[in-house]
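What follows is one chain in structure tokens, specifically the form predicted on its own.
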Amino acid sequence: MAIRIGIPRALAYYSFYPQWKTFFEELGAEVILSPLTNKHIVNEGIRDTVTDACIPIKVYHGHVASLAGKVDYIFVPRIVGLDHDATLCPKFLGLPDMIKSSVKGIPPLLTPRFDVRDGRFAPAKAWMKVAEVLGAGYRHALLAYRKSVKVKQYYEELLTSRMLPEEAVSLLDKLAASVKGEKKTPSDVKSSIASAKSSSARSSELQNSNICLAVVGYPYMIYDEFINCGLLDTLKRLGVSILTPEMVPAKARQAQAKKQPKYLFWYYSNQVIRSVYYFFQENMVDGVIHLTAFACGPDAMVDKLLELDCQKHGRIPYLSLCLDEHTGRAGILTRLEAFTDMLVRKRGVRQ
């Protein structure tokens, strides 16, 4: 029977899930994903975590608890640094320790440390240690790692074509199934990726005839539809085109770094600021919506910087939405309707 690896559908899941899933499946493990965030998961997380944690951390605890009894291991990486400019939020750094001390009755955790500042080969070495725990040989693990890196590249390409994470994951799963069924070769997969990117880009261009908004924040806030009260679906129903930080290529975001008066201490915060600079430079958006979590320390800085930058770049309309477990859908809907209606009137566009 294959080893079952549980992956919580929260936090870094939105950035790395295809890579994680590929690595474990290449080693012969079965990946079990926690359910979509729901009220029960939130309540479980609130029960288990410390009281001053932000809503994404509470939700993560709930997702871990939902995997108890269903898997042999739960994957809870300690992600420290993804570039040489910043670290991640302190709660990312201490996440395995928080989970071990707070959530009872769970199976052993796989807790590799990822920090690119430890050296060029540090990520590969971290994955090799995980493979060793699972009983995989070095060569097998190395091949799995290389394939997972390639899948991550495909995933990021799909996101920059303006696909949302769940759409990109679904497409990659279908392509992986086709390869296993010998219906497609690796070159066919590349062609399918290119075709999907082109189709997604054309669809976005058609939508851009009306209001276009940058919805910025950390990916686990933007793409968890329970936490943000269905914000993306609401904007789509209002006829709004959406751009997110993940839709900006990594090189384009990095090119904006020189515009920052000072790098922030946190990786995702820098990515948010740089993506907004890119949207301003390319004149792509009519307004900016920032999703922030109540009690998030880094966001307190980012929110004010974004507000000032919007003022500086032609008084671009700016809406900040602070979310926690008590946020109601009705209040979010009212603010989004008012904001988009204001933009429509400002441009003189009729929907």
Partner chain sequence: MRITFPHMGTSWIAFKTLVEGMGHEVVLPPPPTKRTLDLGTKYSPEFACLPFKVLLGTYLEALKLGADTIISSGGVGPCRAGYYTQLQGRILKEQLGYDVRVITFEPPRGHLMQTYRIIRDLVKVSFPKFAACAWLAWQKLLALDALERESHRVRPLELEKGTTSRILSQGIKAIDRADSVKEVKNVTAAFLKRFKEMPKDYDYQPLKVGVIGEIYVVLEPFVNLDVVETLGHMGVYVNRSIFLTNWVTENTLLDTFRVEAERSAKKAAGPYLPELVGGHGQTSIGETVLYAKRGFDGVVQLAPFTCIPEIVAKSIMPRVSKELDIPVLTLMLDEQTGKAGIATRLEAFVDLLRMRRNRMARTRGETA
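Numbering follows the first chain given and starts at 1. Quick caveat, the model's predicted, so the values are computed rather than measured.
Keep in mind the form predicted in complex with the partner chain is missing from the figure; the text below concerns it.
message: Taking the partner chain in the model of the complex, would K262, A300 and L305 all count as contacting it (heavy atom within 4.5 Å)?
response: The answer is yes: all three residues contact the partner (heavy atom, 4.5 Å cut-off).
Which of 213 to 221, 90 to 98, 127 to 135, 148 to 156 lines the interface with the partner chain in the model of the complex (heavy atom within 4.5 Å): Checking each option against the 4.5 Å cut-off leaves 90 to 98.
task: Sort through S102, T234, S269, S275 and report the residue having a heavy atom within 4.5 Å of the partner chain in the model of the complex.
output: Filtering the options by heavy-atom distance leaves S102.
- prompt: M284, A68, C322, L33: which sits within 4.5 Å of the partner chain in the model of the complex by any heavy atom?
  reply: Result of the distance check: C322.
message: So in the model of the complex, is the partner chain close enough to K312 to count as touching (4.5 Å, heavy atoms)?
response: Because a heavy atom of K312 falls inside 4.5 Å of the partner chain in the model of the complex, the answer is yes.
query: Is the gap between V42 and the partner chain in the model of the complex 4.5 Å or less for some heavy atom pair?
result: Close contact is absent here: in the model of the complex, V42 is far from the partner chain, nothing within 4.5 Å, heavy atoms only.
query: Taking 4.5 angstroms as the cut-off for heavy atoms, does A53 touch the partner chain in the model of the complex?
result: It does: once the partner chain is placed as it appears in the model of the complex, A53 has a heavy atom within 4.5 Å of it.
message: Is it the case that K174, even though its partner is missing from this view, gets within 4.5 Å of the partner chain in the model of the complex, heavy atoms only?
response: Contact check for K174: no, nothing within 4.5 Å of the partner chain in the model of the complex.
- request: Enumerate the residues of 62 to 78 that have a non-hydrogen atom within 4.5 Å of the partner chain in the model of the complex, in sequence order, or give none.
  value: The stretch touches the partner through R78 alone.
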